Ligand code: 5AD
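Quick heads-up: it's one chain on its own, the form predicted alone, in structure tokens.
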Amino acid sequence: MEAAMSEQSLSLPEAPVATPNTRKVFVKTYGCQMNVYDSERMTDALSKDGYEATEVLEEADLVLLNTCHIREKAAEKVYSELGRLRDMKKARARDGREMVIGVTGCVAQAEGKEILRRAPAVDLVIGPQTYHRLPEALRRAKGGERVVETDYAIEDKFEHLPAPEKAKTRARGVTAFLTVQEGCDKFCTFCVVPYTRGSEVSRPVAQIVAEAERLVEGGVREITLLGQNVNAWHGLGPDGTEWSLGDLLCRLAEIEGLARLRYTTSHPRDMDDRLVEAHRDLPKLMPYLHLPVQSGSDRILKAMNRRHTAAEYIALIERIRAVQPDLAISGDFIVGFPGETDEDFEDTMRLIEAVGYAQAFSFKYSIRPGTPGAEMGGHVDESVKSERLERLQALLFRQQREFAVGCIGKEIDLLLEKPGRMPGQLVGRSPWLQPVNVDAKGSEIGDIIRVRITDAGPNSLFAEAIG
């Protein structure tokens, strides 16, 4: 999976004390934006069984670890967390209180029954394609069964999930993720996603539009469409023709009250003409594109099974920039892939110089068991990987800084999202996805205001309201 990685919990330091006899679920989310979306939908599914999401682990009756298998030693980190939960569960049992532990997501899919063997405190294991079965699996687990649900569901899981409620949508803020595509058929040799998320599947148009409309009714102003290869989305439109992602974006742009659209993560092979035209034709589509390339060496790209060249990637970006000159490009890079030479690495540095990135994510190659890359020869020494990564990140940081400084003096429309760190300050996102700090009232959250960028910090911009 190529989307930006993060690790986060759906928790905050403090929350109201649980009321007696109220069942609470705590979800810790690892990984990408799609996992964040999945965690929200799992809590939606459990709400029908009387579970409320909690922001405090200690008050939870049910704890779910929604896992990611992208990062190195991802499974071991999950087992370490499960060890801490085991001790908490034992302490609860001594006090006569129940605590159910579940593992969901991509590590659950990859490890399956092995999780139950290595972590006896776990009650249920649910893969990313079967979390709509979570309420039933939970009932079985509470009956004493240790449940594993990792078969790829034949039925459409989204059809079996309850619709997001307006109240919950409001609580989640003015921006939202919406999964439209799952799985991957690309089989890059470094990646486990085809084995944990399955083949590419697209959600139907009507289902996506209905969910987007519910989100907007709940106060959402900006929607980011998600997919492992989101620009591979396709579906039958209401006009009877086959739609691509560009057509879907055009339809969503018609929703009254929806101010902004984004999408991630894209594959270079799936950027068709209609999607390029959408960047030209849709003011609601933000001028930001996350388009991973991984390497600038054609030899390494071939070994990675990317099925495009460095020149083709650069030409594609030039094509999109021709119709949307304000476009900010984000990317992913892997250094030290098996067989990577100094010259291969220099090819990557030359590609970065040629493109000019506003943002990027970069990693040292690490073996993923079960992937073709793990069986390749020519693994690069760890010290060489570290030195290359340091050089690459220095170049990317310089470009990111140059892009941010280049924003100073620009006037932009800013969607105000949440309170800032300082009193009287709100934070929003620029069209290019940077955090922007501005003095504004809390009552303005959800508004779009005109601002002028006045300064650029290391990780955010500063602005003043105008007009």
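Start at 1 and count along the sequence shown; that's the residue number. All figures in this text were calculated on a predicted structure; none of them were measured in a lab.
There is another form of the same protein, the form predicted in complex with this ligand; it is not shown, and what comes next is about it.
**Student:** Could you confirm whether L415 comes within 4.5 Å of this ligand in the predicted bound form, counting heavy atoms only?
**Tutor:** No, L415 is distant from the partner.
**Student:** Find out whether any non-hydrogen atom of D247 is located within 4.5 angstroms of this ligand in the predicted bound form, and reply yes or no.
**Tutor:** Contact with this ligand, no.
**Student:** Can you tell me if T348 lies within 4.5 angstroms of this ligand in the predicted bound form, counting non-hydrogen atoms only?
**Tutor:** Because no heavy atom of T348 falls inside 4.5 Å of this ligand in the predicted bound form, the answer is no.
**Student:** Any chance W243 has a heavy atom within 4.5 Å of this ligand in the predicted bound form?
**Tutor:** So W243 does not count as contacting this ligand.
**Student:** Out of L124, C191, L261, A358, which one falls within 4.5 Å of this ligand in the predicted bound form, going by heavy atoms?
**Tutor:** In short, C191.
**Student:** Within 4.5 Å of this ligand in the predicted bound form, heavy atoms considered, which of R86, H308, R133, K364?
**Tutor:** Looking at R86, H308, R133, K364 one by one, just K364 meets the 4.5 Å heavy-atom criterion.
**Student:** Looking at 322 to 330, 99 to 107, 288 to 296, 202 to 210, which lies within 4.5 angstroms of this ligand in the predicted bound form, counting heavy atoms?
**Tutor:** In short, 288 to 296.
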